[in-house]
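Taking the form predicted on its own, here's one chain by itself in structure tokens.
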């Protein structure tokens, strides 16, 4: 198939929809007109886009955790605890792994086992299996806006059910929920499936219901250069806007160097708006999210709180619209509700203390210029490869290694680009692969890495990247050699 960035017609959408709603029995309960009426009955306090728009206008950073368990009532209890004890401004529903792979029969077994054992035997909430009515139980029980977070290459049925159930924000995209998550799913397939999800969002928008869409910013989560994640976020924003999405949150995973992280959030918002306006999408509201450190965490809780606090500082000083919060149990698996609430309270404390502070613009200037220049090299090459069509250009860019996500499992990703930190901990690119950077940008990256190599008295190599991957879990930012 040859993909294009073109809005699905009604005939195309509703023909596909017949198949989508028949993927699992709960699909038959989705009724668009009835779903529109339910959304319109929700108070403003439960509508994600309105909360984000207010936060952006007031330069407030909202806090949101990750959370999801198998059974409806247990999930409600978990979210209620995070709302009341953690002070979450926004709440998630993390979807289980079986649902992410459209394996609904296995998810059903997981629900049955969870009922028998009295504890969650799934690593998230199986919304498709529970169906519209159960999803509404969650929405009706919680006082703050709710978002679905998952990791699903083909999320079409999930989108239908949770939108009908009243969720007002939805994460993911055809690139960000494929290349970092799947091994053998063609990019054309996932872009097409996510065009369906975005078109459904557009149909709700046309009915007067604004549902927020959030491309998954961190990608593989470790040492992803800002320009790489920016390019993917902007592409997914353009694809969503073409299908009628009007409220988009673009994300970035904290890298650890404060200046680079603040510069990344600032440039992510401005570049996304620039490209949306350039291609005629002038009525889209853009907000930002910073994900606290997505790599390895220290096992010691006190050290883990230090990592959480540093992510909170980056979110506050960059004035990200929201921050996705980690927990002090991050290194040990699924956190308890109490640990999750602790992470929220820690983050809120730091954000509150830093709300009226900022980073000097002169300090940010060079880093912003580098991120903008690198991102534009990537995006402009994608448009060139697609002869002006960003969907087609994205597929060809991954085929050519022009877009290359580090440490991704997908066989459709070149995997030739290698990032490492520079001497100050900012993420640079050691091995360029086929990234279409100018000589000046290549020399800048290599020069920064050479400074570190000289300081550490060793050659710049793959070992640096390995050391950097494990550094934070060992109490450092830069992976220095021992001795």
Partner chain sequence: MEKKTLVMGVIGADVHAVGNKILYHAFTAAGFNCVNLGVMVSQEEYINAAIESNADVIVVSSLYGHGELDCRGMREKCDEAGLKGILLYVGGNIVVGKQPFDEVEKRFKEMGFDRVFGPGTPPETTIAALYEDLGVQPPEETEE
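Residue numbers count along the first chain shown, from 1. Note that the coordinates shown come from a computational prediction; the quantities given were computed from them, not determined experimentally.
This protein has a second form, the form predicted together with the partner chain, left out of what is shown; the following refers to that one.
Peer 1: With heavy atoms only and a cut-off of 4.5 Å, decide whether residue 201 touches the partner chain in the predicted complex.
Peer 2: No, no contact at 4.5 Å.
Peer 1: Is residue 181 close to the partner chain in the predicted complex, meaning a heavy atom pair under 4.5 Å apart or at it?
Peer 2: It does: once the partner chain is placed as it appears in the predicted complex, residue 181 has a heavy atom within 4.5 Å of it.
Peer 1: Within 4.5 Å, heavy atoms only: does residue 119 come near the partner chain in the predicted complex?
Peer 2: Yes.
Peer 1: Test of understanding: in the predicted complex, would residue 16 fall inside 4.5 Å of the partner chain by heavy atoms?
Peer 2: Residue-level check for residue 16: no, no contact with the partner chain.
Peer 1: Looking in the predicted complex, is the partner chain within 4.5 Å of a heavy atom from each of 97, 103 and 334?
Peer 2: Checked in the predicted complex: all three residues contact the partner chain.
Peer 1: So if I measure heavy atom distances to the partner chain in the predicted complex, which of the stretches 370-378, 193-201, 406-414, 226-234 falls within 4.5 Å?
Peer 2: Stretch 406-414 is the one.
Peer 1: Identify which of 84, 384, 113, 143 has a heavy atom within 4.5 Å of the partner chain in the predicted complex; exactly one of them does.
Peer 2: Only one option qualifies, and that one is 113.
Peer 1: I need to confirm a contact call. Of 80, 210, 137, 123, which residue comes within 4.5 Å of the partner chain in the predicted complex, counting heavy atoms only?
Peer 2: So the residue touching the partner chain in the predicted complex, by this definition, is 123.
Peer 1: Going by heavy atoms, what in 465-481 lies within 4.5 angstroms of the partner chain in the predicted complex?
Peer 2: Going through 465-481 in order - heavy atoms within 4.5 Å of the partner chain in the predicted complex - the hits are 466, 469, 470.
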